[in-house]
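Quick setup: one chain, the form predicted on its own, written in C-alpha coordinates, and binding and motion questions come after.
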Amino acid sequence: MPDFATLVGFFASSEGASNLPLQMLIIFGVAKLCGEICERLRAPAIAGEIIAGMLIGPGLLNWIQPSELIHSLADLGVMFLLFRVGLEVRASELVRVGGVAMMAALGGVIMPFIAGYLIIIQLGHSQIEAVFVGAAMVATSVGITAQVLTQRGLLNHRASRIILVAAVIDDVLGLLILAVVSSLAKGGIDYLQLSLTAALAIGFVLLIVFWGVGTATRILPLVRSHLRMAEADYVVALVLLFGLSVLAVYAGVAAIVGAFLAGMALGESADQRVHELTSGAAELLVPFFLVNIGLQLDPKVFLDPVALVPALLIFVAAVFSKLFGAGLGAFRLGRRDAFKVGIGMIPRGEVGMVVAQIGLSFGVVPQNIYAAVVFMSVMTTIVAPPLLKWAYRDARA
(Lines give C-alpha, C1' and ligand atoms only; values in the text may rest on other atoms or scores of the structure.)
Protein backbone atom coordinates (compact mmCIF):
# COMPACT_ATOMS: atom_id res chain seq x y z
CA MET A 1 0.00 0.00 0.00
CA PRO A 2 1.74 3.24 -1.11
CA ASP A 3 2.01 5.98 1.50
CA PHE A 4 0.54 9.49 1.18
CA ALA A 5 3.78 11.10 -0.02
CA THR A 6 4.18 8.52 -2.80
CA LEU A 7 0.61 9.04 -3.98
CA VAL A 8 1.00 12.82 -4.02
CA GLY A 9 4.22 12.54 -5.99
CA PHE A 10 2.62 10.15 -8.48
CA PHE A 11 -0.40 12.34 -9.21
CA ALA A 12 1.56 15.61 -9.23
CA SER A 13 4.10 14.27 -11.73
CA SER A 14 1.58 12.53 -14.00
CA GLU A 15 1.12 13.73 -17.56
CA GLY A 16 -1.72 15.98 -18.73
CA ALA A 17 -3.41 19.21 -17.79
CA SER A 18 -5.46 17.58 -15.03
CA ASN A 19 -2.47 17.65 -12.65
CA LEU A 20 -1.97 21.43 -12.98
CA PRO A 21 -4.29 22.39 -10.07
CA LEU A 22 -2.56 19.83 -7.86
CA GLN A 23 0.90 21.11 -8.78
CA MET A 24 -0.15 24.69 -8.10
CA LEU A 25 -1.74 23.67 -4.80
CA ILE A 26 1.41 21.87 -3.66
CA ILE A 27 3.80 24.62 -4.76
CA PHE A 28 1.75 27.53 -3.46
CA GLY A 29 0.54 25.81 -0.29
CA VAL A 30 3.89 24.38 0.82
CA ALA A 31 5.67 27.64 -0.05
CA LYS A 32 3.31 29.69 2.11
CA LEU A 33 3.44 27.14 4.92
CA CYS A 34 7.24 27.16 4.98
CA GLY A 35 7.20 30.95 4.73
CA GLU A 36 4.87 31.15 7.73
CA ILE A 37 7.13 28.84 9.74
CA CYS A 38 10.13 31.02 8.94
CA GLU A 39 8.23 34.16 9.95
CA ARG A 40 7.37 32.56 13.30
CA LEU A 41 11.05 31.72 13.74
CA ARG A 42 11.87 35.37 12.93
CA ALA A 43 13.49 34.44 9.64
CA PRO A 44 12.43 35.97 6.29
CA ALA A 45 9.50 34.20 4.64
CA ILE A 46 11.31 34.27 1.31
CA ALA A 47 13.93 31.82 2.63
CA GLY A 48 11.16 29.43 3.65
CA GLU A 49 9.62 29.54 0.18
CA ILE A 50 12.96 28.64 -1.44
CA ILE A 51 13.44 25.81 1.07
CA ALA A 52 9.93 24.62 0.16
CA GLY A 53 11.21 24.03 -3.37
CA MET A 54 14.05 21.89 -2.05
CA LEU A 55 11.60 19.97 0.13
CA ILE A 56 9.04 19.07 -2.55
CA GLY A 57 11.61 18.72 -5.32
CA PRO A 58 13.38 15.66 -6.74
CA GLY A 59 16.03 15.60 -4.03
CA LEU A 60 13.67 14.95 -1.11
CA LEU A 61 9.90 14.30 -1.35
CA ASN A 62 9.89 14.26 -5.17
CA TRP A 63 6.35 15.67 -5.36
CA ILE A 64 7.24 18.21 -8.04
CA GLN A 65 9.67 17.93 -10.93
CA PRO A 66 11.15 21.00 -12.61
CA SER A 67 9.21 21.60 -15.81
CA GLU A 68 8.72 24.16 -18.55
CA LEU A 69 5.34 25.11 -17.07
CA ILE A 70 6.76 25.82 -13.61
CA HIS A 71 9.67 27.69 -15.14
CA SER A 72 7.23 29.85 -17.12
CA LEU A 73 5.19 30.61 -14.00
CA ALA A 74 8.44 31.47 -12.22
CA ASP A 75 9.43 33.87 -15.01
CA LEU A 76 6.01 35.49 -14.85
CA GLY A 77 6.28 35.77 -11.07
CA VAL A 78 9.62 37.59 -11.10
CA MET A 79 8.36 39.90 -13.87
CA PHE A 80 5.41 40.97 -11.71
CA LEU A 81 7.69 41.30 -8.71
CA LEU A 82 10.04 43.70 -10.53
CA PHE A 83 7.09 45.56 -12.05
CA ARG A 84 5.71 46.10 -8.55
CA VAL A 85 9.11 47.30 -7.36
CA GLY A 86 9.34 49.70 -10.31
CA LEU A 87 5.97 51.22 -9.38
CA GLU A 88 7.40 52.15 -5.97
CA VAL A 89 10.49 54.03 -7.18
CA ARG A 90 11.07 57.27 -9.06
CA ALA A 91 13.39 57.59 -12.05
CA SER A 92 14.78 60.89 -10.77
CA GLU A 93 15.81 59.27 -7.49
CA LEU A 94 17.56 56.42 -9.30
CA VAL A 95 19.45 58.78 -11.62
CA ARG A 96 20.83 60.66 -8.59
CA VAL A 97 22.52 57.51 -7.27
CA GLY A 98 23.69 56.34 -10.70
CA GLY A 99 27.37 57.13 -10.15
CA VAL A 100 27.65 55.18 -6.91
CA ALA A 101 25.56 52.36 -8.36
CA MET A 102 27.92 52.10 -11.33
CA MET A 103 30.93 51.73 -9.04
CA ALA A 104 29.08 49.16 -6.91
CA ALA A 105 28.12 47.19 -10.02
CA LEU A 106 31.66 47.24 -11.40
CA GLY A 107 33.13 46.10 -8.09
CA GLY A 108 30.43 43.45 -7.83
CA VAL A 109 31.33 42.12 -11.27
CA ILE A 110 35.13 42.24 -11.27
CA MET A 111 35.81 40.70 -7.86
CA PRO A 112 33.42 37.70 -8.16
CA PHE A 113 34.65 36.92 -11.66
CA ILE A 114 38.28 36.87 -10.53
CA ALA A 115 37.41 34.81 -7.43
CA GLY A 116 35.50 32.18 -9.41
CA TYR A 117 38.19 31.99 -12.07
CA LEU A 118 41.04 31.53 -9.58
CA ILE A 119 39.20 28.87 -7.53
CA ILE A 120 38.53 26.68 -10.56
CA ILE A 121 42.09 27.09 -11.84
CA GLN A 122 43.47 26.13 -8.42
CA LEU A 123 41.25 23.04 -8.39
CA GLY A 124 43.00 21.90 -11.58
CA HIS A 125 40.28 22.61 -14.14
CA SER A 126 40.66 24.24 -17.54
CA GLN A 127 40.58 27.96 -18.28
CA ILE A 128 37.25 27.77 -20.14
CA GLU A 129 35.64 26.07 -17.10
CA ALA A 130 37.09 28.79 -14.89
CA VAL A 131 35.74 31.51 -17.18
CA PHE A 132 32.23 30.05 -17.09
CA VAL A 133 32.24 29.75 -13.29
CA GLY A 134 33.51 33.32 -13.01
CA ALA A 135 30.69 34.45 -15.30
CA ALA A 136 28.11 32.55 -13.24
CA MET A 137 29.26 34.42 -10.13
CA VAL A 138 28.87 37.86 -11.71
CA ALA A 139 25.18 38.65 -12.18
CA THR A 140 22.84 39.47 -9.27
CA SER A 141 19.31 38.09 -8.98
CA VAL A 142 17.63 41.36 -8.09
CA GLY A 143 14.27 39.65 -7.63
CA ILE A 144 15.31 38.17 -4.30
CA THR A 145 16.59 41.42 -2.81
CA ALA A 146 13.64 43.34 -4.24
CA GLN A 147 11.17 40.98 -2.57
CA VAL A 148 12.82 41.38 0.84
CA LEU A 149 12.97 45.17 0.55
CA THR A 150 9.36 45.34 -0.66
CA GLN A 151 8.05 43.17 2.17
CA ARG A 152 9.83 45.33 4.73
CA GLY A 153 8.85 48.64 3.09
CA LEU A 154 12.47 49.68 2.54
CA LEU A 155 12.51 50.58 -1.15
CA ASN A 156 12.80 54.32 -0.44
CA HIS A 157 16.12 54.00 1.40
CA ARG A 158 19.25 55.26 -0.33
CA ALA A 159 21.03 51.91 -0.18
CA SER A 160 17.96 50.18 -1.62
CA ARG A 161 17.85 52.51 -4.61
CA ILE A 162 21.54 51.91 -5.27
CA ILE A 163 21.01 48.15 -5.13
CA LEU A 164 18.24 48.37 -7.73
CA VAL A 165 20.26 50.53 -10.13
CA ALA A 166 23.43 48.48 -9.60
CA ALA A 167 21.49 45.28 -10.31
CA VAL A 168 20.25 46.68 -13.64
CA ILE A 169 23.82 47.70 -14.57
CA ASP A 170 24.94 44.29 -13.32
CA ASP A 171 22.51 42.63 -15.71
CA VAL A 172 23.93 44.52 -18.70
CA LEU A 173 27.53 43.76 -17.70
CA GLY A 174 26.63 40.13 -17.03
CA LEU A 175 25.05 39.92 -20.48
CA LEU A 176 28.28 41.14 -22.10
CA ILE A 177 30.43 38.73 -20.10
CA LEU A 178 28.11 35.86 -20.99
CA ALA A 179 28.35 36.82 -24.68
CA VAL A 180 32.15 36.75 -24.44
CA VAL A 181 32.40 33.38 -22.65
CA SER A 182 29.82 31.82 -24.99
CA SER A 183 31.89 32.99 -27.96
CA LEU A 184 35.03 31.54 -26.39
CA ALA A 185 33.27 28.19 -25.99
CA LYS A 186 32.44 28.30 -29.71
CA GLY A 187 36.02 29.14 -30.63
CA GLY A 188 36.19 32.93 -31.06
CA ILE A 189 34.73 36.35 -30.26
CA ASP A 190 32.56 38.34 -32.67
CA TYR A 191 33.53 41.87 -31.64
CA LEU A 192 31.03 43.55 -33.95
CA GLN A 193 28.12 41.55 -32.57
CA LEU A 194 29.32 42.15 -29.02
CA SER A 195 29.50 45.92 -29.63
CA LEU A 196 26.03 45.99 -31.16
CA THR A 197 24.59 44.02 -28.24
CA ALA A 198 26.20 46.38 -25.73
CA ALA A 199 24.97 49.50 -27.53
CA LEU A 200 21.43 48.16 -27.87
CA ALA A 201 21.18 47.04 -24.24
CA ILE A 202 22.57 50.26 -22.80
CA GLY A 203 20.55 52.42 -25.18
CA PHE A 204 17.31 50.65 -24.26
CA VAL A 205 17.83 51.16 -20.51
CA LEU A 206 18.83 54.82 -20.87
CA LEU A 207 15.93 55.56 -23.21
CA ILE A 208 13.34 54.30 -20.72
CA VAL A 209 15.03 55.88 -17.70
CA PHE A 210 15.34 59.37 -19.18
CA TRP A 211 12.30 59.58 -21.46
CA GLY A 212 9.97 56.78 -20.46
CA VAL A 213 8.44 58.45 -17.41
CA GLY A 214 7.59 61.69 -19.18
CA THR A 215 6.18 59.85 -22.18
CA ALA A 216 4.02 57.61 -20.02
CA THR A 217 2.75 60.56 -17.98
CA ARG A 218 1.63 62.39 -21.13
CA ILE A 219 0.33 59.57 -23.32
CA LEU A 220 -1.20 56.97 -21.00
CA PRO A 221 -3.97 59.20 -19.59
CA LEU A 222 -5.10 59.89 -23.18
CA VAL A 223 -5.16 56.17 -23.97
CA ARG A 224 -7.08 55.31 -20.81
CA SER A 225 -9.66 58.04 -21.44
CA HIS A 226 -10.72 56.29 -24.67
CA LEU A 227 -11.12 52.84 -23.10
CA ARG A 228 -14.44 51.64 -21.71
CA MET A 229 -13.33 48.24 -20.45
CA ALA A 230 -13.21 47.35 -16.76
CA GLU A 231 -9.91 48.11 -14.99
CA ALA A 232 -8.66 50.10 -17.99
CA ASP A 233 -5.73 51.55 -16.02
CA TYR A 234 -4.52 48.09 -15.07
CA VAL A 235 -4.96 46.77 -18.62
CA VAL A 236 -2.80 49.58 -19.98
CA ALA A 237 -0.22 48.90 -17.26
CA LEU A 238 -0.08 45.20 -18.19
CA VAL A 239 0.35 46.02 -21.89
CA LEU A 240 3.30 48.25 -20.99
CA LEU A 241 4.71 45.57 -18.67
CA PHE A 242 4.68 42.86 -21.31
CA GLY A 243 5.63 45.23 -24.12
CA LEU A 244 8.78 46.54 -22.44
CA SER A 245 9.67 43.00 -21.29
CA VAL A 246 9.60 41.86 -24.90
CA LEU A 247 11.66 44.85 -26.03
CA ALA A 248 14.16 44.17 -23.24
CA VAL A 249 14.68 40.62 -24.49
CA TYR A 250 15.21 41.86 -28.06
CA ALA A 251 17.61 44.50 -26.72
CA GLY A 252 19.65 41.71 -25.16
CA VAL A 253 18.85 42.17 -21.46
CA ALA A 254 16.56 40.16 -19.19
CA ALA A 255 12.79 40.51 -19.42
CA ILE A 256 12.71 41.48 -15.74
CA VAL A 257 14.71 44.63 -16.55
CA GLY A 258 11.94 45.64 -18.96
CA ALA A 259 9.34 44.83 -16.31
CA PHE A 260 11.15 46.98 -13.76
CA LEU A 261 11.48 49.87 -16.21
CA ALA A 262 7.77 49.57 -17.11
CA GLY A 263 6.83 49.92 -13.46
CA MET A 264 9.18 52.86 -13.05
CA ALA A 265 7.68 54.57 -16.13
CA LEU A 266 4.24 54.27 -14.51
CA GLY A 267 5.39 55.11 -11.01
CA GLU A 268 4.26 58.74 -11.15
CA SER A 269 0.97 58.19 -13.01
CA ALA A 270 -0.43 54.84 -11.81
CA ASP A 271 -3.28 55.08 -9.31
CA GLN A 272 -3.71 53.06 -6.12
CA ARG A 273 -5.88 50.47 -7.87
CA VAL A 274 -3.01 49.53 -10.21
CA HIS A 275 -0.75 49.08 -7.20
CA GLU A 276 -3.32 46.86 -5.46
CA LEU A 277 -3.95 44.62 -8.48
CA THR A 278 -0.24 44.30 -9.19
CA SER A 279 0.43 43.29 -5.59
CA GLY A 280 -2.31 40.66 -5.83
CA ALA A 281 -0.83 39.16 -9.00
CA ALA A 282 2.66 39.19 -7.48
CA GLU A 283 1.38 37.50 -4.31
CA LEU A 284 0.06 34.65 -6.45
CA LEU A 285 3.01 34.23 -8.80
CA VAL A 286 6.15 35.08 -6.80
CA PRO A 287 6.05 31.80 -4.79
CA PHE A 288 6.51 29.91 -8.08
CA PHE A 289 9.66 31.93 -8.76
CA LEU A 290 11.06 31.18 -5.31
CA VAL A 291 10.08 27.51 -5.25
CA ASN A 292 11.56 27.02 -8.73
CA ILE A 293 14.96 28.09 -7.38
CA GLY A 294 14.77 25.46 -4.64
CA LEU A 295 13.66 22.78 -7.11
CA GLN A 296 16.98 23.05 -8.95
CA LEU A 297 19.05 21.78 -6.03
CA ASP A 298 19.36 18.07 -5.29
CA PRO A 299 21.04 17.74 -1.87
CA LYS A 300 22.13 14.16 -2.66
CA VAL A 301 24.60 15.43 -5.24
CA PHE A 302 26.79 16.77 -2.45
CA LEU A 303 27.25 13.46 -0.67
CA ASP A 304 30.21 13.12 -3.02
CA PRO A 305 33.25 15.14 -1.81
CA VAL A 306 34.25 15.70 -5.46
CA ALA A 307 31.21 17.96 -5.80
CA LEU A 308 31.01 19.22 -2.22
CA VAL A 309 34.48 20.80 -1.96
CA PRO A 310 34.20 23.07 -5.02
CA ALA A 311 30.59 23.84 -4.11
CA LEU A 312 31.54 25.14 -0.67
CA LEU A 313 34.54 27.08 -1.99
CA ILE A 314 32.49 28.71 -4.76
CA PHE A 315 29.65 29.53 -2.36
CA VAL A 316 31.91 31.23 0.20
CA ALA A 317 33.73 33.13 -2.54
CA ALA A 318 30.41 34.18 -4.09
CA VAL A 319 29.21 35.69 -0.80
CA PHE A 320 32.35 37.57 0.14
CA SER A 321 33.34 38.71 -3.35
CA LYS A 322 29.98 40.44 -3.85
CA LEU A 323 29.97 41.79 -0.30
CA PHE A 324 33.41 43.37 -0.64
CA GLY A 325 33.31 44.16 -4.37
CA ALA A 326 29.94 45.93 -4.41
CA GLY A 327 30.46 47.26 -0.89
CA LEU A 328 33.75 48.92 -1.76
CA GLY A 329 32.14 50.47 -4.82
CA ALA A 330 29.54 52.08 -2.55
CA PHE A 331 31.93 52.92 0.29
CA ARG A 332 31.57 56.69 -0.20
CA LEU A 333 28.07 56.33 1.31
CA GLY A 334 29.56 55.25 4.62
CA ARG A 335 30.22 51.83 6.07
CA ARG A 336 26.61 50.95 6.96
CA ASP A 337 25.07 51.74 3.59
CA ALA A 338 28.01 50.15 1.75
CA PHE A 339 27.44 47.00 3.81
CA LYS A 340 23.74 46.99 2.86
CA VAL A 341 24.59 47.37 -0.82
CA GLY A 342 27.12 44.54 -0.66
CA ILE A 343 24.64 42.17 0.97
CA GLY A 344 21.86 43.20 -1.39
CA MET A 345 23.98 42.11 -4.36
CA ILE A 346 24.77 38.62 -2.98
CA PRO A 347 21.91 36.46 -4.35
CA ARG A 348 22.57 34.85 -7.74
CA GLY A 349 19.29 32.90 -8.01
CA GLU A 350 18.34 31.75 -11.49
CA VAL A 351 21.00 33.91 -13.18
CA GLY A 352 23.97 31.81 -12.12
CA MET A 353 22.16 28.60 -13.04
CA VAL A 354 21.46 29.87 -16.55
CA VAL A 355 25.17 30.53 -17.16
CA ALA A 356 26.10 27.10 -15.79
CA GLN A 357 23.45 25.46 -17.97
CA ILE A 358 24.91 27.12 -21.07
CA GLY A 359 28.38 25.88 -20.15
CA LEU A 360 27.01 22.37 -19.62
CA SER A 361 25.20 22.42 -22.98
CA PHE A 362 28.44 23.46 -24.73
CA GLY A 363 30.24 20.56 -23.07
CA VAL A 364 32.84 22.80 -21.40
CA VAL A 365 31.54 22.54 -17.81
CA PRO A 366 31.59 19.08 -16.16
CA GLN A 367 28.67 17.79 -14.10
CA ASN A 368 30.34 18.28 -10.71
CA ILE A 369 31.18 21.94 -11.46
CA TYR A 370 27.66 22.50 -12.79
CA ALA A 371 26.28 21.08 -9.53
CA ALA A 372 28.61 23.36 -7.55
CA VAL A 373 27.36 26.45 -9.40
CA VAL A 374 23.72 25.42 -8.82
CA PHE A 375 24.54 24.98 -5.12
CA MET A 376 26.12 28.45 -5.05
CA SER A 377 23.13 30.00 -6.83
CA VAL A 378 20.57 28.49 -4.46
CA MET A 379 22.53 29.01 -1.25
CA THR A 380 23.41 32.64 -1.94
CA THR A 381 19.70 33.16 -2.53
CA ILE A 382 18.82 31.53 0.79
CA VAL A 383 21.40 33.35 2.92
CA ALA A 384 20.74 36.80 1.45
CA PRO A 385 17.28 37.46 3.02
CA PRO A 386 18.35 36.93 6.67
CA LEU A 387 21.52 38.92 6.04
CA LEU A 388 19.45 41.75 4.54
CA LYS A 389 17.09 41.68 7.49
CA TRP A 390 20.05 42.02 9.83
CA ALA A 391 21.73 44.74 7.75
CA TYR A 392 18.52 46.83 7.74
CA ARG A 393 17.70 46.10 11.39
CA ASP A 394 17.82 49.81 12.33
CA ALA A 395 16.02 51.06 9.20
CA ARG A 396 12.44 52.26 9.35
CA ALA A 397 9.85 51.67 6.66
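Don't overthink the numbering: it's just position in the shown sequence, from 1. This one's a predicted model, so the numbers in the text were calculated from it and none came from an experiment.
One more form of this protein exists, namely the form predicted together with a further copy of the same chain; it is left out here, but the text below deals with it.
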{"property": "Partner contact for residue 97 in the model of the complex: a further copy of the same chain, 4.5 angstroms, heavy atom", "result": "no"}
{"property": "4.5 Å heavy atom contact, residue 79 and a further copy of the same chain in the model of the complex", "result": "yes"}
{"property": "Contact test in the model of the complex: residue 242 vs a further copy of the same chain, heavy atoms, 4.5 Å", "result": "yes"}
{"property": "Partner proximity in the model of the complex: residue 24 to a further copy of the same chain, non-hydrogen atom cutoff 4.5 Å", "result": "yes"}
{"property": "Proximity to a further copy of the same chain in the model of the complex, single hit among 305, 203, 153, 280 (heavy atom within 4.5 Å)", "result": "280"}
{"property": "Residue (of 285, 128, 316, 123) lying close to a further copy of the same chain in the model of the complex, criterion heavy atoms within 4.5 Å", "result": "285"}
{"property": "Interface segment, criterion being heavy atoms within 4.5 Å of a further copy of the same chain in the model of the complex, picked from 365-373, 26-34, 336-344, 51-59", "result": "26-34"}
{"property": "Residues in 211-243 close to a further copy of the same chain in the model of the complex, defined by a heavy atom within 4.5 Å, in order", "result": "226, 227, 228, 229, 231, 234, 235, 238, 239, 242, 243"}
